[in-house]
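Take a look at this one chain, the form predicted alone, written out in structure tokens.
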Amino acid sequence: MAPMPIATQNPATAEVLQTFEPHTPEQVQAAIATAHATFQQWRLTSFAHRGELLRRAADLLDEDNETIARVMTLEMGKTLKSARAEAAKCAKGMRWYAEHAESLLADEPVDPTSVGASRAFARYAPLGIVLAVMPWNFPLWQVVRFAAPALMAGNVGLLKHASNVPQCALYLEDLFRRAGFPDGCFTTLLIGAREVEGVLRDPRVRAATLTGSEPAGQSVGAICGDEIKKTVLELGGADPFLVLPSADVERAAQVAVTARCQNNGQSCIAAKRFIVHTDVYDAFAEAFVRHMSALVVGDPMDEATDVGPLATEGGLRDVAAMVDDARGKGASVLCGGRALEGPGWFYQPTVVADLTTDMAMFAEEVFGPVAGLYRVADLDEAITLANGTTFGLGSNAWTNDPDEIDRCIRDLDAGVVTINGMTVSYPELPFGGTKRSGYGRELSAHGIREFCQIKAVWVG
């Protein structure tokens, strides 16, 4: 069976705008060979040289901000204003790694006399080719937060991007080439999911990083486990958002709307389960529903739009089915709860309360602008409910009580704990999950070191 064309389809209209032919097996092999040859020289370059090129890429990205933002919006439906912000965040992340990579990967000396040496230290050395399997929801940032540290560490990258964002994928390859990175430093492979295993099993490919669904992570992790290759997996999330009695309830409700509906509700680290103490439940629910109901849903190119379409028709069906399942089993839909009539894949911002364990929404990730609202009696119940899923990516807690803050930091079982705010990824902080949300870390020193081999060096 011939591979299907890879297409840009506008989620706001369902119109197919452009198609691309997938790369042939011969083209994939040529790309791997070029990347392997390039690595032999790239690993020898200085941090100063790599940083110069990465800063140039950041400058070009800033120049391209409006153009590439429109491509993102056309391909996956995020609002144009959020697409601009994503591109700007990528440029900032590039500059951060360009500035800090050398110090983050500096040799770590130990007392040589303790090991009978004249010199002794640990060194971080690049691995080689790293395959990145990336999702469509943040089509630039997800890639850049891998590419910037990987390239600065002396690795080279292959990108298998989601098949609905081919223009973003090709743009990134072109961006690094225009910045002066050698051919083979960063290469986009236009291939389908079935072709990923062959790339992973190639001995020249040394590691993989994936952001995506749990089944995709299981597949990549199993293949790389069989091949004894390093992986970093950032998978799904059902992030809790705790609101406790001492919180600023109105502020918490305002941030809750952004935390749930950013990127049209399609973010692994979006808050999805709003767990509210009974003493402030009614006040929070009223404010939350009021702010959710006020969101403007429509054309993502329109500056007035708050929530655009879901990225795929299948995603719209999944969200609608989960809300319908909850409604049918007795849940209360406090606002929204319907797909919009007409073209495109739009779903109303929705708040669902009175959820029970037999509803799909209770345990599964809802990838759309739909919030689950829960009432709890105390902090113990809140933490138990927050931790009561297979996921553990991000978490949020709103409280001004110092003891509650300490308790949430200690007991929330998640890779990120955010107090009195919403979960966001920053270059300065490690990012990743626990449980079935994955393992390994991106960003910060931890992220750049994931794809390095640590050499112990002893000099007599």
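The numbering used is simple: start at 1 and walk along the sequence shown. Since this is a predicted model, take the numbers as computed values, not measurements.
What comes next is about the form predicted in complex with a small molecule, which is not displayed.
Just one of A101, A162, L379, A207 comes within 4.5 Å of the small molecule in the predicted bound form, counting any heavy atom, and that one is A162.
When the small molecule is considered in the predicted bound form, only one residue from N155, T231, T79, Q142 comes within 4.5 Å through any heavy atom, namely Q142. Heavy atoms of A125 never reach within 4.5 Å of the small molecule in the predicted bound form, leaving it off the interface.
In the predicted bound form, the small molecule sits within 4.5 Å of a heavy atom belonging to P135. In the predicted bound form, the small molecule sits within 4.5 Å of a heavy atom belonging to M4.
Of the heavy atoms in E86, none are within 4.5 Å of the small molecule in the predicted bound form. Stretch 210-218 is the contacting one of 210-218, 293-301, 252-260, 179-187, since its residues have non-hydrogen atoms within 4.5 Å of the small molecule in the predicted bound form.
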